[in-house]
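Next up is one chain by itself, shown in structure tokens, the form predicted alone.
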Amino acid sequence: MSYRLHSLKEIPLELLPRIAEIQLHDAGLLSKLGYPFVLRYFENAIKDEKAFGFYAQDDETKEIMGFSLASPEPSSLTSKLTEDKVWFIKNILKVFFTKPFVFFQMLISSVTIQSQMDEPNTIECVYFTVDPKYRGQKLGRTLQKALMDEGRKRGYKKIFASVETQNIASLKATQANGFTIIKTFREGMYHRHRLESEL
């Protein structure tokens, strides 16, 4: 398997739905909100001046295999979902009536994420997600490492990540990149490890 990493900021817009499709395989809250939220989130992320990330593309097939995303202000990426009020109200009402537990989890998580990033010169590994057919080949580890290298170049001193306790593959990849668990906490329906690494 041979592939290259490209800046997520430079992804052709017609390929962004593929990023959203890969993210839907993730068990996190954003995926549970559904495709419209996932696509809008990444549309906002590639426009955000402070966020950065990478996507892996197969050299032969040109298929996108996975991606990673980091930000010094992850709560601002989430809050951008509410900027188009009409769109947000229409879509969040669908979630409220069809997935009420997801709606209430969103409220809990929005409070938690704001309290997590309180150190200067730090970034959050928001996502590193790999298409299921490409998993088990250390691609997630490579995508996360690219965030760490880029964060270091940008002058950040530390990187944080939250990984669900049952997501053993992501936890192993994150620890292989030098992260250590600093606490384990409950966030509504999620039970997570909070990890950090120096850059």
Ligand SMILES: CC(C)(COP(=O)(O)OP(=O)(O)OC[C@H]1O[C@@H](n2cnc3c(N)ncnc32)[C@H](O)[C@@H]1OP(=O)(O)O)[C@@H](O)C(=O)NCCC(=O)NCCS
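As the structure is a computational prediction, the values presented were derived from the model and not from experiment. We number the residues from 1 along the sequence you see.
What follows is about the form predicted in complex with this ligand, which we do not show.
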### Task
Using heavy atoms only and a 4.5 Å cut-off, decide whether all three of 25, 137 and 162 touch this ligand in the predicted bound form.
yes
### Query
Could you tell me if residue 172 has a non-hydrogen atom within 4.5 Å of this ligand in the predicted bound form?
yes
### Query
With a 4.5 Å heavy atom cut-off, would you call residue 129 a contact of this ligand in the predicted bound form?
yes
#### Entry: 4.5 angstroms heavy atom contact with this ligand in the predicted bound form for residue 167
yes
### Task
Determine whether any heavy atom of residue 141 comes within 4.5 Å of a heavy atom of this ligand in the predicted bound form, and answer yes or no.
yes
### Task
Choose from 52 to 60, 39 to 47, 25 to 33, 147 to 155 the stretch whose residues reach within 4.5 Å of this ligand in the predicted bound form, heavy atoms counted.
25 to 33
### Message
Going through 145 to 159, which residues have a heavy atom within 4.5 Å of this ligand in the predicted bound form? Please give them in sequence order.
### Response
none
